[in-house]
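Before any questions on how it binds or moves, here is one chain, the form predicted alone, in structure tokens.
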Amino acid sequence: MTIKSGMINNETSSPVDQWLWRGLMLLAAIVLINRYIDILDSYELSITVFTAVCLALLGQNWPGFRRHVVVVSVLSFLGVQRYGSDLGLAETDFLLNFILASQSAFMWMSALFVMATFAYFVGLLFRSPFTEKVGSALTWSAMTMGMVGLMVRWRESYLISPDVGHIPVSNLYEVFILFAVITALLYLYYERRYQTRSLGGFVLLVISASVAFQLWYAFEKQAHEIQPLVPALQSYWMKIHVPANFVGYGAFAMAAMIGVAYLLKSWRQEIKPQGILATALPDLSMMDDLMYKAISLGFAFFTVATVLGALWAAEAWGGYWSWDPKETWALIVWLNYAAWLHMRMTKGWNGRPMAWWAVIGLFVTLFAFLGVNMFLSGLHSYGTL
């Protein structure tokens, strides 16, 4: 595999920095548990500890992620503190009204993701490393505002009423925001690992599409309003099943957009070998490897999410599997990517067929995620448009 080098200043972490980061995550977990021990059950305690461990591992060699976590924590804490116990302050407090209230943060996130998409494509077309670097900075900023919005929205739900309060991953509006944030994080991780920003515009396209849907859904359907959970969603399983699912969705979406870039480069190499797309995009072998890594990661998380969903279904509906349309299409998605990985690992398939398969797989996944809610009904009908 050939990797373009020298395009990104790959920051490294000293052992001291790594231990300081681990200690900070340990301290954060202790403070959270100590403060909320009276309302956390055993499952939520386990989730808190597991999250702290994951953040410690992910950030120990990734300075950019460490900064992101610190900024999100500070801004989220500031937003929660400015609310106090009065939700109405969102309309009168300057910082809440224009920056830190969930809806304000989501608007900033949406604008920044779209700006990042343009910046990445301009940098690619004009071969401007500086503009691509701006795209990365805008993506980090958008992801930060999205996470701040989710954290503050979590608090806002409890300010409406303790009975209404819930983690903000309960409806299509909230999970589209989660999808955008997770996909951006996955992309930024691989951007740093593979030392190239030239794929940013392609991956940010699918994120911008999710942002457009989220904005339409908010303004047309008033989906941004926080609603009480339906009984089936009042479970600790939601806190782990939904995020795991969307790591899978985000990785599959990223693989599909890299597949698009792969197909464009391979096509342009045949027609105009010295053209912009043929020369500015990464090597085909690198994109092929990145598709494989993304689908492998997505498949692992999607498998875990499917198992968790079965356990949740047994608790909520009395059975692990009921062939509900959502469950059936989740199985189709799983089988699709299982077959993709099988052909790659055992038959050695790669190149254009696998790129096309990854692109088609996105449409299969999109129908499982959104189409089922639009056209079919079942036990998961609470997610309809």
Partner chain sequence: MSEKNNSPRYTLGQRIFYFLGSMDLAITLLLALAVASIIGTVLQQNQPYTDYLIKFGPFWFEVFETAGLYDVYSALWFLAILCLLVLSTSVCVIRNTPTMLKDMWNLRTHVQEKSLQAMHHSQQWGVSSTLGDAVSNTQAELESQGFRVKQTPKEEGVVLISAMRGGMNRLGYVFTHLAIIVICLGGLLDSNLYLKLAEWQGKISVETRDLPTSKIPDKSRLAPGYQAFRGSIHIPEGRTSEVAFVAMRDGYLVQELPFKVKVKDFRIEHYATGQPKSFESDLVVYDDDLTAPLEQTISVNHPLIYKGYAIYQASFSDGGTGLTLDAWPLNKQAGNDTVTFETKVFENRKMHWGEDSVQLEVTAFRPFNINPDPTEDDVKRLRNFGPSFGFKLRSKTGEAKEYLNYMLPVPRNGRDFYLSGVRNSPADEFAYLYLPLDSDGELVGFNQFLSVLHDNDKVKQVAKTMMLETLASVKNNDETLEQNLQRTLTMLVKMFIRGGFVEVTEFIETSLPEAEKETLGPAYLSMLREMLARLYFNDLIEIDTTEQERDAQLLFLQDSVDAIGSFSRYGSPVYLELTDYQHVQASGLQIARSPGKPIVYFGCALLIIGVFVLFYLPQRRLWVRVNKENNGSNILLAGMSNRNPREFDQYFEQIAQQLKLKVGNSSVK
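Residue numbers count along the first chain shown, from 1. These numbers were taken from a predicted model, which means no experiment stands behind them.
Not pictured, yet referred to below: the form predicted in complex with the partner chain.
A.B. asks: Is the partner chain close enough to 130, 181 and 210 in the model of the complex that each of the three has a heavy atom within 4.5 Å of it?
C.D. replies: Result no, not one residue of the spot touches the partner chain.
A.B. asks: 341 to 349, 29 to 37, 48 to 56, 61 to 69: which one contacts the partner chain in the model of the complex at 4.5 Å, heavy atom to heavy atom?
C.D. replies: Heavy-atom contact with the partner occurs in 341 to 349.
A.B. asks: Check each of 86, 91, 163, 270 and return the one that places a heavy atom within 4.5 angstroms of the partner chain in the model of the complex.
C.D. replies: Exactly one listed residue reaches within 4.5 Å, namely 163.
A.B. asks: Could you confirm whether residue 360 comes within 4.5 Å of the partner chain in the model of the complex, counting heavy atoms only?
C.D. replies: No - in the model of the complex, heavy atoms of residue 360 and the partner chain never come within 4.5 Å of each other.
A.B. asks: Whether residue 297 contacts the partner chain in the model of the complex should be assessed with a 4.5 Å heavy atom distance threshold; does it?
C.D. replies: Yes.
A.B. asks: I'd like to know if residue 356 sits close to the partner chain in the model of the complex, meaning any non-hydrogen atom pair within 4.5 angstroms.
C.D. replies: Contact with the partner chain, no.
A.B. asks: Give a yes/no on whether residue 231 approaches the partner chain to within 4.5 Å in the model of the complex, heavy atoms considered.
C.D. replies: Residue 231 belongs to the contact set for the partner chain.
A.B. asks: Listed by sequence position, which residues of 13 to 39 have a non-hydrogen atom within 4.5 angstroms of the partner chain in the model of the complex?
C.D. replies: The stretch does not touch the partner at all.
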